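Taking the form predicted alone, here's one chain by itself in structure tokens.
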Amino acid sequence: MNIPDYITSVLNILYSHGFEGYLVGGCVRDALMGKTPHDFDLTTSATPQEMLEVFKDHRIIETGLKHGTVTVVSGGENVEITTYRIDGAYLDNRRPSDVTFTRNLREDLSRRDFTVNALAYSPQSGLVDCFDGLADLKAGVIRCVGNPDTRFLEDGLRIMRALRFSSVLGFDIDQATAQSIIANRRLLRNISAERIFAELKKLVCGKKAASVIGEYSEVFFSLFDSVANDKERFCQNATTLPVIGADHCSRFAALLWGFDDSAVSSFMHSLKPDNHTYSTVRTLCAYYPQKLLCDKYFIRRLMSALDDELILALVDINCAHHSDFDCQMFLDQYNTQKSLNPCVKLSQLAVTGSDIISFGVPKGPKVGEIMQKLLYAVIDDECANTFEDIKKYCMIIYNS
């Protein structure tokens, strides 16, 4: 395992003081899969107070002391180190009410969510695999550590994490864990929308998103009433995800394609996403059921309304829903229009709002209305984009 120097330095300091130190969780899993880890979580037999003493010559951030986590700045990087611990009772299906520190690594690993995330590695002693996580990793299986009902009752978000890992890694979910996911799906209603969104936007972009959503559709219907009224459409939409660009906005739109605006709005609002995601998904879904036309004027109007990313997302969705849509013909015409750089934005018009007023149009909303009509006239080649031509056309519109 290729461990960065700033991590090795922290581990060596722990070892030199007689403590154990292991890389744990996702970084170990990813390394074993041949991926380059980007986040490194460390666990140790040292208590928080012992870590404060061991790293007294380093800058330390103490914000996680209550739960056994100390952040040490090493080589300019923040390194989180957490004491081996045993979690107390989970009273809110999210966090333990208290934690007990232990010197036993196995006890710490036994509280983790899935076997593939319960792997630990030390440069001194190698891989520690107490729950057959390596076998599950090789077999491509997501399995809870211990009793799955217990794991999900402790933290309901683990249900969504299991689905996300299955989708992103392309793994299957073992039978006992799968049955528990269905049986405990309503626990997700106790989890914050922000945490659900963080998992779901990764899930929908995963290589196995279509099959995961289809197989566990009841989880989504339990969580999102807005799509439960048309289960068939939702499941059918899920099958289109493999041909949609791997952008979460595009994939959410594909998943919600054909639902009315109130259902789309309700679904997205319940996730409390960022404003960009919310508005992008609603904008894309508003184009249902219109099929994209390989017509230069249609494409110019589309270029006027949407940016390149959204147009290409609509191309993907049209490919998935319209068997007679000629994707290549559309893209050829679209690229031709882009190369011609036609006037498709108000800012590209040869006149401004002040010019319109100087033509005799009174100040007010009428100016904006006429500007938009002028733009469409230019887009449709009904008027040349020159000052004099637009002035003449403006007076015809105003006086009609």
Ligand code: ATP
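Residue numbers here begin at 1 and follow the sequence given. These figures come from a predicted structure and were not determined experimentally.
We do not show the form predicted together with adenosine-5'-triphosphate (ATP), though everything after this point is about it.
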property	result
Sole residue of T177, T82, S250, N117 within 4.5 Å of adenosine-5'-triphosphate (ATP) in the predicted complex, by heavy atom	N117
Contacting member of D316, D155, E215, D136, with respect to adenosine-5'-triphosphate (ATP) in the predicted complex [4.5 Å, heavy atom]	D155
adenosine-5'-triphosphate (ATP) contact at G26 in the predicted complex, heavy atom, 4.5 Å	yes
R185, heavy atom within 4.5 angstroms of adenosine-5'-triphosphate (ATP) in the predicted complex	no
Contact of K291 with adenosine-5'-triphosphate (ATP) in the predicted complex (heavy atom, 4.5 Å)	no
adenosine-5'-triphosphate (ATP) contact at D30 in the predicted complex, heavy atom, 4.5 Å	yes
Answer range among 104-112, 296-304, 242-250, 274-282 for contact with adenosine-5'-triphosphate (ATP), defined in the predicted complex as heavy atoms within 4.5 Å	104-112
Partner contacts for 149-173, taking adenosine-5'-triphosphate (ATP) in the predicted complex and a 4.5 Å heavy atom cut-off	D155, R158, R161, R164, F165
